[in-house]
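Listed next as structure tokens is one chain, alone, in the form predicted alone.
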């Protein structure tokens, strides 16, 4: 199902969807693009670069209450489940790299054993993607990891900017539903429109991106160099801030803690929060032993998880080439450069 939406009708489409739930879109706030809630009547311009934070927070929030507890002497402990009913949400402007990240996060949270908290949000959110007519960042490398500036993976709708109008392609039942909610705003796409989309996609692929010279050899290179001193050299400048993982659309490690609000009776909440493999205490044992005691070991874990372990387990890289970890690393650690170094075995 595809159609054409004039750009001046975007606000009316959003208004229709706001009657059904919350709508989010990229907004330039304090020198950065972020997904923010669209207030009624607010203008939305989908001319953003990539957002600093990815869209994964809509399905895997940074902090989440799993249940609440109350323990009183002489009484049976009370556990109260968190209400899993999540408000319907529509997110505009999701870049294809973040869409492909959703496919990978689905593998983690819904294959085998389904995480009910993740699944509830996944069922309630509609991701409306925007194809990249040009790379939104100089550090984009989606093509190197099997993606595309116009990938449809993980999205419910893909929009393509055709200069003054959007080609809107519904990809899932949820996508068709949000398009049909404002069907009077759309015109049928013609063969000429589809040809224009095809040309835009070809042009997008011709834009230069960062490249990994021999991606098919990286798995073997990482195995070969597991004990290499290169890791310590590559991580020498790392300050362990964790920005690379917090901003990654596919990083999904979490910790679970009890937040106590009263000691008598004992009350509080069991809370899940994002964790970070670049922090020294991430793998710290209660004995004091830490199997990843230095920055080199922790960097190796992050890179191998992305480009080796996930490939072996799921037959796909756990990296979608958004480039956020490169752009926002304060000391210039670069996953593309590391992949190339590992394959070549030389760091200069």
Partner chain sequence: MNGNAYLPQLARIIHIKEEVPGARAIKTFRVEFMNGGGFDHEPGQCAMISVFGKGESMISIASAPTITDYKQFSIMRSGRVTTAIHDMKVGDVIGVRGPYGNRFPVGDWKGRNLVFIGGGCGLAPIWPVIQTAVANRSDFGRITVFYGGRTSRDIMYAAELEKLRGEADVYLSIDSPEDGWDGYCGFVPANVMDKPQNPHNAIAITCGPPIMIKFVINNLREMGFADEQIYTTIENKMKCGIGKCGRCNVGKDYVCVKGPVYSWAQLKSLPQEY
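Numbering follows the first chain given and starts at 1. Just so it is clear, the model here is predicted, and its values are computed rather than measured.
Form predicted together with its partner chain: not shown, discussed below.
This chain is displayed without its partner chain, yet in the predicted complex the stretch 277-285 from 24-32, 42-50, 277-285, 319-327 comes within 4.5 Å of it by heavy atoms.
Within 4.5 Å of its partner chain in the predicted complex, a heavy atom is found for all three of 117, 270 and 289. Of the heavy atoms in residue 254, some are within 4.5 Å of its partner chain in the predicted complex.
Proximity of residue 239 to its partner chain in the predicted complex: non-hydrogen atoms within 4.5 Å are absent; the residue sits far from the partner. Remark: residue 72 does not count among the residues lining its partner chain in the predicted complex, judged by a heavy atom distance of 4.5 Å or less. Among heavy atoms of residue 258, some come within 4.5 Å of its partner chain in the predicted complex. Residue 108 is the only one of 230, 189, 214, 108 with a heavy atom lying within 4.5 Å of its partner chain in the predicted complex. Contact with its partner chain in the predicted complex, defined as a heavy atom within 4.5 Å, holds for exactly one of 208, 138, 164, 77, namely 77. Taking its partner chain as positioned in the predicted complex, the residues of 79-99 that bring a heavy atom within 4.5 Å of it are, in sequence order, 79, 81, 82, 84.
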